[in-house]
Ligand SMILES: NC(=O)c1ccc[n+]([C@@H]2O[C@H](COP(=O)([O-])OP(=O)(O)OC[C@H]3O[C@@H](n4cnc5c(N)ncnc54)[C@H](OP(=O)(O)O)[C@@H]3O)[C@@H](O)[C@H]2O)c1
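The chain below stands alone and is given as structure tokens, in the form predicted alone.
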Amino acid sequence: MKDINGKVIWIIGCSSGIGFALAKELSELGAILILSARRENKLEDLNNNLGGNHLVCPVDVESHKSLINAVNIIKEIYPNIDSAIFLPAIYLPHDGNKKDIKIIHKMLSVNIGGAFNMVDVLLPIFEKQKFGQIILCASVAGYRGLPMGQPYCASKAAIISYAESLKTELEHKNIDVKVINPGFVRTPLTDKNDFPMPMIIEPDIAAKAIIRGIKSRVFEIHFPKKFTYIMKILHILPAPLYFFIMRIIQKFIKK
């Protein structure tokens, strides 16, 4: 997608954080937005802030039916959807405490199950119109299992794998698939952390990086580069060396 102006872009998960900032940046570039999240009041506030010209369409990504209903509403208004961006995530701090199994299942249901739900309702539309773009937000936390990082790391690793599979399966259908792997971004999710977050960036910087990726041919959109390349080095390390480093890090975290 070389030009954003006039493109219909569905942002799921834009009531706060990166999605909120991304909606603002895309609107300024002339995109026609479909604003989705669970909190309708937050979406209405965002839409009013953007001039009130976009479609507010609340969804619960855990519910396949909710996404079907949303798609039916969208199709009545717009003949095509150019791009869909999946950003919702549940996150728990990496504090080493035992996590409630119900919360773990909730996290997996939203973080990865929601992505499957979105793609399932979109594919028939993209296949019929013979083009489209699917963008799934994962994290550099999905590159490898981090100490005290599960189940968040596991859910983001699943998103990366899912996006890679979709890329190979759908590119011959003119459906572009991308994955977003952010480092630390100042959002309500990272506000839960009580540890130093190296090279943390503001949401507007993240949004600009995502837009550059949307307009390019790259598969992976990752930022900030200085931090993500460090994580990529960890990603390719042999297992014995990786686990040796993680043992050191874990001892440091527990102090």
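So that there is no doubt, residue numbering starts at 1 and follows the sequence shown. This structure is a prediction, so every number in the text was calculated from the model and none was measured.
Just so it is clear, the following notes concern the form predicted in complex with this ligand, a form of the same protein that is not shown.
- Put simply, V185 is close to this ligand in the predicted complex: some heavy atom of it is within 4.5 Å.
- In the predicted complex, this ligand stays beyond 4.5 Å of every heavy atom belonging to K178.
- Although the partner is absent here, L22 lies well away from this ligand in the predicted complex, with no heavy atom inside 4.5 Å.
- This ligand is not drawn, but in the predicted complex it has a heavy atom within 4.5 Å of T190.
- Shown without its partner, this chain lists A115, I85, A89, I81 as candidates; in the predicted complex, only A89 has a non-hydrogen atom within 4.5 angstroms of this ligand.
- Scanning A209, V61, L26, L46 against this ligand in the predicted complex with a 4.5 Å heavy atom cut-off leaves one residue, V61.
- Between 68 to 76, 169 to 177, 136 to 144, 123 to 131, the stretch whose residues reach within 4.5 angstroms of this ligand in the predicted complex through a non-hydrogen atom is 136 to 144.
- With respect to this ligand in the predicted complex, the three residues S16, A37 and Y152 uniformly fall within 4.5 angstroms at the level of their nearest heavy atom.
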